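So this first bit is one chain, no partners, the form predicted on its own, shown in structure tokens.
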């Protein structure tokens, strides 16, 4: 008859681990009742500053998932000086992000030359219907209030 390993030492080690963890505080939180505070500058959702957006479409062109939809038109503005040239400014008509497609890579935030896109730590934006994950520019503008201040530069 072959030697069979004795299961008793393994059972004793397993029971000791069970008794140690039975009386320790759990690492997880009870999410719906207790909300965990995200880290500063955490990636939650993308916020939009509509006044800073110039409809250059760099964010939409560099997005690997093609989840950003932008439409705009050009408006003529009065010259700043008498006899000056009429200026043309691009106005934002539509800026939508489809979070059902977004993979939160942050390329759109990085390539924006006018600082119109920011990361907000807001993470509770789940929806019942997948079509409701297409967020319009008004909702993206509302998240701008939740964006924390940028950390100070080292001198």
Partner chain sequence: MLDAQAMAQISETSVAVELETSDMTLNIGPQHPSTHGVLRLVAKVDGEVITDVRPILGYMHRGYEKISEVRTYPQVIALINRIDWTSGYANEIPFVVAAERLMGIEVPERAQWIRLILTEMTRISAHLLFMGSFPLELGATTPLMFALRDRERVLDVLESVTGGRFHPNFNRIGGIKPAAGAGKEQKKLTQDLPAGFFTETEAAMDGVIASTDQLEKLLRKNEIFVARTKGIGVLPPEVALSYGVTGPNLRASGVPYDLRNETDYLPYDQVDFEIPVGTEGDSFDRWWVRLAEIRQSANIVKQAIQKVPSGPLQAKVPKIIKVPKGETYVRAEVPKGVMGYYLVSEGGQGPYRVKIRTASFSNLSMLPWILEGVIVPDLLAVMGSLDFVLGDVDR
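Positions refer to the first chain, counted from 1. If you're wondering where the values come from, they're calculated on a predicted model, not measured in any experiment.
FYI, the form predicted in complex with its partner chain isn't displayed, but the following is about it.
Is residue 117 close enough to touch its partner chain in the predicted bound form, meaning at least one heavy atom pair within 4.5 Å? Answer yes; at least one heavy atom of residue 117 falls within 4.5 Å of its partner chain in the predicted bound form.
Is there any non-hydrogen atom of residue 9 lying within 4.5 Å of its partner chain in the predicted bound form? Taking the distances in the predicted bound form, the answer for residue 9 is yes, it comes within 4.5 Å of its partner chain.
Does its partner chain get within 4.5 angstroms of any non-hydrogen atom of residue 107 in the predicted bound form? Flag for residue 107 set to yes.
Applying a 4.5 Å heavy atom distance criterion, does residue 126 contact its partner chain in the predicted bound form? Residue-level check for residue 126: no, no contact with its partner chain.
Even though the chain is shown alone, can you say which residues of 7 to 38 have a heavy atom within 4.5 Å of its partner chain in the predicted bound form? Contacts from 7 to 38: 9, 10, 13, 17, 20, 21, 27.
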